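Only one chain is given next, in structure tokens, and it is the form predicted on its own.
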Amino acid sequence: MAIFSVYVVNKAGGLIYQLDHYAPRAESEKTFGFPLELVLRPHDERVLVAFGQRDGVRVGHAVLAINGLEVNGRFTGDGRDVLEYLSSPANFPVSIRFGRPRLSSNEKLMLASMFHSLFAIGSQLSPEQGSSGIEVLETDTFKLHCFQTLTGIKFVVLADPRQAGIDALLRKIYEIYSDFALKNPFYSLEMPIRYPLLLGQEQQQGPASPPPVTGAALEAAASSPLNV
């Protein structure tokens, strides 16, 4: 059982804090000869498997690394186009690591905004007035839990369907948000919550620098239910 992710969404639908708290599922790394047995296609600035499945590699998986070199979108770490590199017989045999595409920062912002809209739609669809909106969404692999405060801030947790204690976790995160953000005179409401600077950097800035709003406490809160 595990906590997968924590999101904090402001009343306008903007993502102000996000934490991934899980190890990614096992990725598949295989050595291929030329020609490549899989069909790769560019999609949303990624290179995905469009056809062919073998040894844990599935359609929809993205190219994450080539010969140990991480892939960023459609390019390798040294700036080479992935599809052009894999089209040349001179570059084979080649080791390719595949896995589920990772969400980019922009995609997380978009998904938070979409959930904000779905939450509002759920409230309007209610046959009774004063609906609390979406509180739980359940799938076969995870549950989405949402707690909205009176001021419209949404705390969203993605967890294993068998994970217990999520209601207590949501309220604990709200308590920490109130202590570390709302009570911080240097924090602007509705703005992103930043991680604290490293100790050495804070010491170099001196006491005149305003203390940053910390996300470390939220991370600690997300870890707490794992021990219950």
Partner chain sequence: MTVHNLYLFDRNGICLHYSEWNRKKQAGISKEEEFKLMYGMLFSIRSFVSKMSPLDMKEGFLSFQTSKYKLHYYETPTGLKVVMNTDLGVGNIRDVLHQIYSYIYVEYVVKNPLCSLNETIQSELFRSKLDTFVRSLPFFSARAG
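Note that the structure is predicted; figures quoted are calculated from it, not measured. Residue numbers count along the first chain shown, from 1.
There is also a form predicted in complex with the partner chain; it is not shown, and the following applies to it.
Residues placing heavy atoms within 4.5 Å of the partner chain in the model of the complex fall in a single listed stretch, namely 124-132, out of 124-132, 88-96, 147-155, 71-79.
Of the residues R194, R58, R41, R171, just one reaches the partner chain in the model of the complex with a heavy atom at 4.5 Å or closer; this is R58. Although the partner is absent here, T139 lies within 4.5 Å of the partner chain in the model of the complex, judged by heavy atoms. Using a 4.5 angstroms limit between non-hydrogen atoms, L83 is distant from the partner chain in the model of the complex.
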